[in-house]
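Presented as structure tokens, the chain that follows is alone, the form predicted on its own.
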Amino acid sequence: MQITVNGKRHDVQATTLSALLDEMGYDATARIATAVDGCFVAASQRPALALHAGAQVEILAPMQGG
């Protein structure tokens, strides 16, 4: 299925947001924020959130520095 992650198109096998994060190499303990189609998705909701073709996914990680 083709989705957009952080503005770039990807062909993925994942069918849930949690599986997508695994497929993209994010560690299960990574401190990240996620949104699908403009709506925030809490970490506890990621395993149940089904992805659809054309989904717009944003994955944000905190930055350090100043």
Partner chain sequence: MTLFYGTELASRLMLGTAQYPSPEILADAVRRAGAGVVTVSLRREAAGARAGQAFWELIRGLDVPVLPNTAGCHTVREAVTTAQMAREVFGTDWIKLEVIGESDTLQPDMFALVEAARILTEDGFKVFPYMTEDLVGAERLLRAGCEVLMPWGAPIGSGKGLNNLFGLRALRAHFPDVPMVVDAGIGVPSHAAQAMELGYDAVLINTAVAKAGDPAEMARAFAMAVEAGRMAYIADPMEERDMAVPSTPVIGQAVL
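Numbering follows the first chain given and starts at 1. Remember, predicted model here, so these are calculated numbers, not experimental data.
In what follows, reference is made to the form predicted together with the partner chain, a form of this protein that is not presented.
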Indicate whether the partner chain has at least one heavy atom within 4.5 Å of a heavy atom of residue 24 in the predicted bound form.
-> yes
With the cut-off set at 4.5 Å between non-hydrogen atoms, does residue 50 touch the partner chain in the predicted bound form?
-> no
Report whether the minimum heavy atom distance between residue 2 and the partner chain in the predicted bound form is within 4.5 Å.
-> no
Contacts with the partner chain in the predicted bound form - residues in 4-40 whose heavy atoms fall within 4.5 Å = 6, 7, 24, 25, 26, 27, 30, 31, 32, 33, 34, 35, 37, 38, 39, 40
